[in-house]
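Below sits a lone chain in structure tokens, taken as the form predicted on its own.
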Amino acid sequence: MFHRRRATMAAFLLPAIVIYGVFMLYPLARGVYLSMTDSLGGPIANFVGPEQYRAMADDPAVTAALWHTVLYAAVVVVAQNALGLLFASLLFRRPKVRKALSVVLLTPTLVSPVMAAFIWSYLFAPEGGINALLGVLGLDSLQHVWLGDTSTALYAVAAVNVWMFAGYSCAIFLAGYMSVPTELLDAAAVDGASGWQRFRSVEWPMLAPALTVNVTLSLIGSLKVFEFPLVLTNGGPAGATDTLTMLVYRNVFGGGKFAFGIAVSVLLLVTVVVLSSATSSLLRLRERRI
């Protein structure tokens, strides 16, 4: 009876295992293999071992792109979740306008990333909407060539990412707020706790699961960013917004260095897995300690 049940379970799992193996494991293994060849994208490829990885380690463009990718992810994760938490906190305290404003905050996510990037490229232009607004407000000294300056370009691209997905973070934090027992909030209010004290001692600890989900999702998404730097700056100026995905795209599809680009994609995969796993584990550990 027991063996028959196990055979039945295996029969149900087999299609999923086959699909996962064909569409996930095989491409991954094939990519790792190709990164150890001299392939130019054609059918002929000679195995060269870790040669592409040695070339990658000696290439300053890869080091710079890795740094840009990590910095971009750090800016996006902090800013996106801070804004999402702020909006969720305000909406939780304003139930009458919660639905309407939630829809407004989620509206940017309905736009495709490429279209959003095109829109913001006009807003960031020297004669665009942001500089025009600063001029109207009398803040001419703050006007800037946002996407043309190496010191601001990466942050300007990150701002578009935050604008687009802060609504997602807000929705997840708001769901976390809804799970906070009202008895705890009422007890804190009766004890005379201020708004900040209620947030720090009651709301923030109860939002730990939502924080874990938000940080993990935003970290993975921002490490894989591609559309925003491609459309807004194409990696410029002077490589200031070159990320690992941009290097993969450039080498695989335009640089004639197919195997090298695949090796960079493996580096990106390792970076995403290591950083997201470590962050998620630390936040899960924090949840258990609360």
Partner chain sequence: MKRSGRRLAVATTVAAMAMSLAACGGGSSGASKDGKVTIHVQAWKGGGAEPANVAEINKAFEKAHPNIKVDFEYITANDTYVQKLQPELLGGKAGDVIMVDTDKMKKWGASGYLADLSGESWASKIAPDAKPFAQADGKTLAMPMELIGIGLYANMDLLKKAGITEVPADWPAFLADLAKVKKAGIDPIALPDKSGWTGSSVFQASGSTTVYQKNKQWDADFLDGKASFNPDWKTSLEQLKTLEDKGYVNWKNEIGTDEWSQGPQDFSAGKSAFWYQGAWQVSNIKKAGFPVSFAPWPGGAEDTKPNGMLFSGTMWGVNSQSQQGDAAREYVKFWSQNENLAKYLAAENAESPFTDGTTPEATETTAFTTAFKDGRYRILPSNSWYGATAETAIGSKIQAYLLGKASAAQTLKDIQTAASAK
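Positions refer to the first chain, counted from 1. Just so it is clear, the model here is predicted, and its values are computed rather than measured.
Another form, the form predicted in complex with its partner chain, is not on view; read the next lines as being about it.
Taking the partner from elsewhere, Gly41 is found to have a heavy atom lying within 4.5 Å of its partner chain in the model of the complex.
The shortest heavy atom separation between Ser112 and its partner chain in the model of the complex exceeds 4.5 Å. Remark: Ser265 counts among the residues lining its partner chain in the model of the complex, judged by a heavy atom distance of 4.5 Å or less. A residue is said to contact a partner when one of its heavy atoms sits within 4.5 Å of a partner heavy atom; Thr63 fails this definition for its partner chain in the model of the complex, lying far away. Of the residues given (Val270, Ala16, Ala10, Val22), Val22 alone sits with a heavy atom within 4.5 Å of its partner chain in the model of the complex. For the options Met36, Val231, Met56, Val70, the residue carrying a heavy atom within 4.5 angstroms of its partner chain in the model of the complex is Val231. Looking at its partner chain in the model of the complex, residues Ser121, Asp149 and Gly236 each place a heavy atom within 4.5 Å of it. From the list 202 to 210, 91 to 99, 141 to 149, 73 to 81, the contact stretch for its partner chain in the model of the complex under a 4.5 Å heavy atom rule is 141 to 149.
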